[in-house]
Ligand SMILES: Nc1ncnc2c1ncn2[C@@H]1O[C@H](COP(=O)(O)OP(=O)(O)O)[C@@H](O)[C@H]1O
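Listed next as structure tokens is one chain, alone, in the form predicted alone.
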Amino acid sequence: MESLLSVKDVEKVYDNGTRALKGVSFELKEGEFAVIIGRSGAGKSTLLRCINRLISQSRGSIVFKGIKTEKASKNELRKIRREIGMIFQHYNLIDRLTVIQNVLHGRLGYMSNFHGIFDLYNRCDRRNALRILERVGMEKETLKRADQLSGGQKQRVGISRAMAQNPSLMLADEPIASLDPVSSGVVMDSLHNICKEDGISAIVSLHQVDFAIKYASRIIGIRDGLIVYDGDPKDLTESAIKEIYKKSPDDRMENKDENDEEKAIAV
């Protein structure tokens, strides 16, 4: 089966000299639900943001659906971003807007600037948004403002907004980091079930190893900007986990990596 995504020898060096990624390579097949695990500052967020071009890698190549993203034209990049849904740790919702308005923002990549500015969504988009919200158990909250929701509800709206893009690939950056165990399970169930039912590939970064083992079809372990494990969850031994989470020679460098990833998010 041809790869949906190919990441080859990707490096990322920030302006202050920090090497967040040091030659990461892997391929993602259609329908895979890959989970990336690793310590804070290991490079997980940087990798996801390189994939969807929120930031640019320093070296290496990322190919999505046969297109080298670093060489993509404006139109090609717009199409790539349209087909890659992104779910953020801190939700990135617009608090003053309703649930359904936030979900409909997932359609902006398909609209002209004029229609987007004036929120001129068609009936089909609105019906689809309602169906997606029903799938994640949020159909009764459609007219609530986003700032009235719990963290778990906000994240399900984030999933719904990404789904409204009709993506081929879902990226989720620590989607349950701020949630309690029960809400975390609901969010991960929603994300996993939708991806499985619709045949959508996914790359999800998590801190929780138990959740990674439960939901992943494949686990990628990153330490200090390098892949140190890539395989089946059932083969993830205690020794492999220790290797992934082993401290780097200089913990201060990890803190620098983490700070740089946060700056990239802000940008």
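Only a predicted model underlies this, so the values are computations on that prediction, with no experimental measurement involved. One-based numbering along the sequence shown.
Only in words, not in the display: the form predicted together with this ligand, which the text now covers.
Novice: Can any non-hydrogen atom of residue 40 be found within 4.5 angstroms of this ligand in the model of the complex?
Specialist: Output for residue 40 is yes: heavy atoms within 4.5 Å of this ligand.
Novice: I'd like to know if residue 14 sits close to this ligand in the model of the complex, meaning any non-hydrogen atom pair within 4.5 angstroms.
Specialist: Yes.
Novice: Counting only non-hydrogen atoms, which stretch in 66-74, 32-40, 227-235, 208-216 is within 4.5 Å of this ligand in the model of the complex?
Specialist: After filtering at 4.5 Å, what remains is 32-40.
Novice: If we check this ligand in the model of the complex, which of the residues in 42-69 reach within 4.5 angstroms of it by a non-hydrogen atom?
Specialist: Going through 42-69 in order - heavy atoms within 4.5 Å of this ligand in the model of the complex - the hits are 42, 43, 44, 45, 46.
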